[in-house]
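To begin, one chain is listed below as structure tokens, in the form predicted alone.
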């Protein structure tokens, strides 16, 4: 039932049950609807979820992933019918669009887009957000992949991504356990001009480079909390921060004396967006979720608790903003992840290439 005394909603999707301003509409019945959300660590704080559930008389089933590969596998299982809304970066979004897995976002059902910074409102200027004139996702948060280092042992801030391969840090390096980004990173370290689109002649050198990284590394991590645990337990001195400032905040709050550096080659950077799954039976509720996540409390918690930037306010720092290398679609995600699994498992180059 519509709550008495609440203002009339200006935007709603007829027949879907939820108005964009958060007022429940008639027709839910005795059982509240369930919104199935697929997201990354820290994207949906408990207070954010609870406020959404209260406002929409709904339940949220949250699933958290720690890699693009895991996101793809979860999103495409069971005929891509297990989730209603997901958080995905602009580069990865392209294969979801190509496979017809996501629906256009009903822009008028996300009025909080007006609160975003102009550069994020202008979706047509962000590569991959608009297809066929339709908005396929809404920007939410972004970060660069810098280098976190122990300031007691690494006395001078590392200025190159090649520091991850430096023999003096053998057994003291942590890297992210993700094939897509790792191949791009190695291509950067080799100075390749097109790190997102590897050519046939590039693969052997990149594979050798990643095998060398494996030999230099103390381990590979998934979620941010695992990176902190490994950094402490294995006495790491240097780490590629896939989650950027989110990890920097986490480490410093744990009492670690760490610094943060942007490599001269440029830091890979991602822009994560909310997209709606095509098979969702909860289109309006999914749009309401996106709108809710752009609201002031959710946006501020993203900064204060996670150390990430939101799309409604300028970042607290602009470290290396002139050296960001925004992620692009790669030539073959599946091959990269297949080969990466073999590299991490200890295979030699010839077996990796044959994968």
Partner chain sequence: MKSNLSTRLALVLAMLGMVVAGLTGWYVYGASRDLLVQAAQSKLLTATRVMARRITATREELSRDLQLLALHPDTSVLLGVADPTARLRLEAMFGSLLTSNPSYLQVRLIGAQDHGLERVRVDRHNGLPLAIGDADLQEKGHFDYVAEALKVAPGQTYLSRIAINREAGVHAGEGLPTLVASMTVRDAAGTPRGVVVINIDLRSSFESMRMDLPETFHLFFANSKGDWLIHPDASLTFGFDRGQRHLAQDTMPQTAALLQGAGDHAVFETTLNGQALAAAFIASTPVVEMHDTRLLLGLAQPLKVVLADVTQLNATIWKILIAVGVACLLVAWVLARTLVRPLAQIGAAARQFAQGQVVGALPLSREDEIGDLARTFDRMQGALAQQLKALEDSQHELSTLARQDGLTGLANRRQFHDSLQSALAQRRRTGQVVALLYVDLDKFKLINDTHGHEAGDAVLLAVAQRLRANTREVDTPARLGGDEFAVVVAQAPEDAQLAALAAKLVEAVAEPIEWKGQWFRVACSMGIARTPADGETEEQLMSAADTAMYVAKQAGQGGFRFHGLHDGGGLQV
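Residue numbers count along the first chain shown, from 1. Source: prediction; values computed, not measured.
Another form exists, predicted in complex with its partner chain; not displayed. Remarks below refer to it.
Practice task
Choose from 133-141, 86-94, 260-268, 232-240 the stretch whose residues reach within 4.5 Å of its partner chain in the model of the complex, heavy atoms counted.
Solution key: After filtering at 4.5 Å, what remains is 232-240.
Practice task
For the three residues 63, 214 and 217, verify that every one has a non-hydrogen atom within 4.5 Å of its partner chain in the model of the complex; reply yes or no.
Solution key: Checked in the model of the complex: all three residues contact its partner chain.
Exercise for the section: Look up in the model of the complex whether residue 333 has a non-hydrogen atom within 4.5 angstroms of its partner chain, and give yes or no. Expected result: Heavy-atom contact with its partner chain at 4.5 Å: absent for residue 333.
Practice task
Please run the contact check for residue 249 against its partner chain in the model of the complex: heavy atoms, 4.5 angstroms, yes or no?
Solution key: Answer no; every heavy atom of residue 249 is more than 4.5 Å from its partner chain in the model of the complex.
Exercise for the section: Please check if residue 74 has a heavy atom lying within 4.5 Å of any heavy atom of its partner chain in the model of the complex. Expected result: Yes.
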